[in-house]
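Here's a solo chain for you in structure tokens, the form predicted on its own.
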């Protein structure tokens, strides 16, 4: 939406963006109504009771039960209505769908966004996405709290160190859209941005076909380089890493960086921590390999 040559409202480029705009307009409309009503009353009474006006000032009323009850009931109902409208949209935005078409791992790092795709492709400060497909972003921070914000999609979510957070949307418009960090994260926070490029499914598939090394293969290499098979596949009494396809990502990550937080019953607490030895990108690759094991 533009006012002449000046943009005043981001374009709608995702399926849930219209609901966010509806909540915004409802809040804006109610607040504007009461702001103008209060302003009107202020001006009205300033004129009516100005110095020298013939207004009757004798025996002013000390109470008005109808006015007081209305002033309590009306704001209460409006507040409940605003809560319902906002909570409904919040639930729709942050309740992950049962199925997704594309999952992208995103690592926030001072001061860049690093995207990992299932075919092994990596890119910095750019996201390539297919039109009309449900996209889920699995996000984590390498250092401090960041916040991924795509105005045209009307989505924003904190990206936290040590914990995976999730965001989903369905692009509805082909083109390029700005990507920002909306949480102050250091001296170059303002430069932490990028672009989301939405492509037709056919173009997205052709783009993916030029992918890099499979993340599962990178994870397998890390698994071997750090000697994990010596315990988990050898004679040492360590849990066998099998049937982890549906394991929770946060649980797997915690087992890697803080293995003594939850020790499998029947085993000793002897596994070293890999916190600081593996970065978040390597942990994502290792998790991909662990979940691929039969």
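Since we're looking at a predicted model, the values are computed, not measured. Whichever C-alpha set is largest while still superposing within 1.5 Å between the two forms counts as the rigid core. Positions refer to the first chain, counted from 1.
The same protein also has a form predicted together with a small molecule, omitted here; what follows describes it.
Contact check for 227, 255 and 263: all three have a heavy atom within 4.5 Å of the small molecule in the model of the complex. Checked against the small molecule in the model of the complex, the residues 32, 268, 53, 65 give one hit for a heavy atom within 4.5 Å, which is 268.
Although the partner is absent from this view, residue 41 stays clear of the small molecule in the model of the complex, with no non-hydrogen atom inside 4.5 angstroms.
Contact annotation for residue 26: none of its heavy atoms lies within 4.5 Å of the small molecule in the model of the complex. Although the partner is absent here, residue 272 is a contact residue: one of its heavy atoms lies within 4.5 angstroms of the small molecule in the model of the complex. Shown alone here, residue 237 lies within 4.5 Å of the small molecule in the model of the complex, counting heavy atoms only.
Contact annotation: the small molecule lies within 4.5 Å of heavy atoms from the stretch 239 to 247 in the model of the complex, the single such stretch among 66 to 74, 239 to 247, 33 to 41, 53 to 61. Fitting the two forms on the rigid core leaves the C-alpha of residue 222 displaced by at least 2 angstroms between this form and the one not shown. After superposition on the rigid core, displacement of the C-alpha of residue 14 between this form and the one not shown stays below 2 Å. Remark: with the core as the superposition reference, the CA shift of residue 283 between this form and the one not shown reaches 2 Å or more. In the model of the complex, the Cα-Cα separation between residue 138 and residue 260 grows by 3 Å or more relative to the displayed conformation. Between the C-alpha atoms of residue 122 and residue 220, a gap narrowed by no less than 3 Å is obtained in the model of the complex, as opposed to the form on display.
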